[in-house]
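Shown here is one chain on its own, the form predicted on its own, set out as structure tokens.
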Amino acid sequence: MYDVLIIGGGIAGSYLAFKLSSLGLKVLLLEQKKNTNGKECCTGLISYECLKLYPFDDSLVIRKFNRATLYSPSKKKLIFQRDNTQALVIDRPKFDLFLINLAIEKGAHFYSGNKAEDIEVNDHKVMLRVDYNKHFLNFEAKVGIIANGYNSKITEKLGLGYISNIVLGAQTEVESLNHEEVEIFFGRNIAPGFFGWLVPTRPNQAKVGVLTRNNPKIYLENLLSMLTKMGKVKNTKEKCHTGGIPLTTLTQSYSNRILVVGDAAGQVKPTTGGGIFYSLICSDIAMETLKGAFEVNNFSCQYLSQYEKKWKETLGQEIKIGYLARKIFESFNNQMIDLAFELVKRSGVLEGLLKNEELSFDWHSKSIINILKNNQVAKLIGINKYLKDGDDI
């Protein structure tokens, strides 16, 4: 009998295992994959703020950036640059393993290479049936944490909903020139409704990827072809990794003796698909909620509801405004994207954003609102058709 059973050994699950084990709780961490190589489609791009707030070892940082260049379909540029570091690339596989080892050091039990087959919850415990090397094992705990990604069937079985609004990503490692900045590419032939990227990592290496609703591998090939012609990348024969990212949140992220954290709950930035920082923030909120639950021995749905209330107080507005921006941008054709680039430069929006200390790698809502309030931008997109009755930007 464990205190906490965590399904999913990614960032949210392993970080929670570390934090809860540090409280002296008996924790079981289960991961379906046999290896712990991390999310291979993840670029590993995080903010400097995230680095300072959470347990990153300096050896995990591969690259630092203070500049990003955005390209429109016709190759117009928007350059975001500041004097100090704004973003970093971490070694994602090593980071996942780093967190798992922290959890194990604090006493968590870790099993990899298993698959959760069935889950039952009653007033007294959580019961999980696991296929472990073709042998079925049964585990019990006072509380269960679901942290196994957006396509978790467990949340649906527990009546918490299922996230169907997703975007697909494809990414590969390439040989490149020694770039010093992140580059983002827009265009319907590259990533319709979304974007592609070139993120330098180690010397003469970079990650190239795209986000799209459909056919991410085909669009990745288009981006690689364009970057090769531009002389930005050379060898592009590495393996392509794909994955899905939720764009909306789960119907409910808690129930009796259950919390849902990370991608499984849809705790992701809808603007960029980034989930590392949000997962860590929500994991801390889950830890504090469970700490209180164990102190008063109350694991009811009503008590655990404070978890969702708190994480939505922290991130709800960011996700709502980010998703509004995402819906708007998905409607843009190439001409509208080019025109938006021109407006942002010509109207002084870009200059204003760069001077605004609230412009942040992680917190986008205020910058999005400032852009949408610009009369020329609002006229271009017809903002009112995206707002529900009573909504205001």
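Sequential numbering from 1, following the sequence displayed. Quantities reported herein were computed from a predicted structural model and do not represent experimental measurements.
Missing here is the form predicted in complex with a small molecule; even so, the following discussion is about that form.
- Heavy atoms within 4.5 Å of the small molecule in the model of the complex are found in exactly one of 137-145, 316-324, 274-282, 79-87, that being 274-282.
- Checked against the small molecule in the model of the complex, the residues 72, 289, 114, 255 give one hit for a heavy atom within 4.5 Å, which is 114.
- Checked against the small molecule in the model of the complex, the candidates 347, 334, 32, 360 yield a single residue with a heavy atom inside 4.5 Å, and that residue is 32.
- Residue 223 falls outside the set of residues with a heavy atom inside 4.5 Å of the small molecule in the model of the complex.
- When the small molecule is considered in the model of the complex, residue 45 lines it closely, a heavy atom lying within 4.5 Å.
- The small molecule in the model of the complex is approached by residue 11, whose closest heavy atom lies within 4.5 angstroms of it.
- Mapping the unseen interface onto this chain, residue 340 falls outside it, with no heavy atom inside 4.5 Å of the small molecule in the model of the complex.
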